[in-house]
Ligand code: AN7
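Here you get one chain, nothing else, as C-alpha cells; it is the form predicted on its own.
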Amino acid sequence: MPAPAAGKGVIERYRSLLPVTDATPAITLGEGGTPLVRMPALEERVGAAEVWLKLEGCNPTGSFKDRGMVVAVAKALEEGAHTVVCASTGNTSASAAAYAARAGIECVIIVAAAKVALGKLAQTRAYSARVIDIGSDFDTGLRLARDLSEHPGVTLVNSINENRLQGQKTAAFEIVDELGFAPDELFIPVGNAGNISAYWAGFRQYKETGEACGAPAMRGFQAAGAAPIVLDRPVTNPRTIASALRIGNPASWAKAVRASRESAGSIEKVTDDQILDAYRLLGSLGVFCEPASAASVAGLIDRGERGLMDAGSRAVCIITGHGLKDPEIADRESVGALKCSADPSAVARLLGW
C-alpha cells in the first residue's frame, strides 16, 4: 500500500478495503499515518526482540477514534443523515464532534460530564456539539443514544456502528505496511471493546489478501476495576483512573472475545497502579499518553514480568490517545516545578551543579 500523502485520509488511502462507494464523500481531517516508534528500553525490560508503539494520539483530535469516525460520518452523509449521536467517555465525543463539524451536520453527545476528562470535554464543546449531561454512567448513555438514533436522519456513531470498526482497522494495515510484516503480538487497551476486534479484522483481511503472511495474537487489557470481560459478567459500578476504560458492559464484548480466541490471544486486566507506572515510564521515554493508553504497555510489562514474553517476539503496543486528553492526571503525576529566584548561581545550586 502507498505511504500516507499530505491531505489524504484513510478513506482515500484504503478505499478498496473499506465499505465505501463512489457516492461516499471522502471527508478528512488528515487522520491516519500515525507514527510507529521502536522502543529499545521496553525490549530490554520485557525480553522481547522488538517492541513498537503505534502513536494514535497523533490523529487530528488526539485519539484512534478518528479513523473510524471519518468513515462513520462519511457513510452517514451518504445515507442522508442530518445528525450524528453518540454516548461517550470522552474520545468518541471529541472525534464525533470534529468530523460532524467538518461534514457540516449536527452532533449530539451524551455524557456524564463529571466523569469525562477535562481535555476531552473541552474539545467536544470547541467543535460546537450539543452536549447532553445525563449525570449517569456510559452504559446508560449508550442506551439513550440508541433510542435517539431511531429518529429519522439521526445516525448512531458509537462503535456498534460497523463503519466505525471498518475505519479503525486501517491502523492494522498501516502497521504491516510500515514493518513489512504482521507483529507476533498486539497489545491494546479494552474499554467498549470495539478496537481490538477492528484491529483483528484488519490483520485478518491483510492476511487474506496476501499483504501479510500471518496475524498477531491479540492481547487486550482492561482496568482491574472495570474488567467485565475478564470477570465474565457486567460491572455495575466500574472504577478506574483510566476514564476511557470505565465501561461496565462493553457494546462489542462478543466481538472482542472472538478476536482474542481466533487469534490465540487473551483479554487480561491490569491494576490502576500498573497503568500509572506504565504512564510515568512512557513519559520518561518521551511518549505522553492518556492513562487508558498506558494499559497496553502495562499489560506488556506484566506479561514480561510473568515470563510470558517470547525472546523472539515482535510486539506492537497501541497508544490510543494523547496525554493532553487528561491534563488533570498529567498535572498530578508529573514532577512539580522547582521554585527559585532568577539568580544563575542559586539555580545551579538547586540543580546540584
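Since we're looking at a predicted model, the values are computed, not measured. Note that residue numbering begins at 1 and tracks the sequence as displayed.
The protein also exists as the form predicted in complex with this ligand; that form is not presented, and the subsequent description refers to it.
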| query | finding |
| --- | --- |
| is_contact(Ile247, this ligand) in the predicted complex, heavy atom dist at most 4.5 Å | yes |
| 4.5 Å heavy atom contact, Thr320 and this ligand in the predicted complex | yes |
| 4.5 Å heavy atom contact, Asn195 and this ligand in the predicted complex | yes |
| This ligand contact in the predicted complex: Tyr99, any heavy atom under 4.5 Å | no |
| Contact segment among 84 to 92, 207 to 215, 266 to 274, 170 to 178, judged by heavy atoms lying within 4.5 Å of this ligand in the predicted complex | 84 to 92 |
| This ligand: the contacting residue among Trp200, Tyr279, Phe138, Phe187 in the predicted complex [heavy atom, 4.5 Å] | Phe138 |
| In the predicted complex, residues of 48 to 83 near this ligand [heavy atom within 4.5 Å] | Phe64, Lys65 |
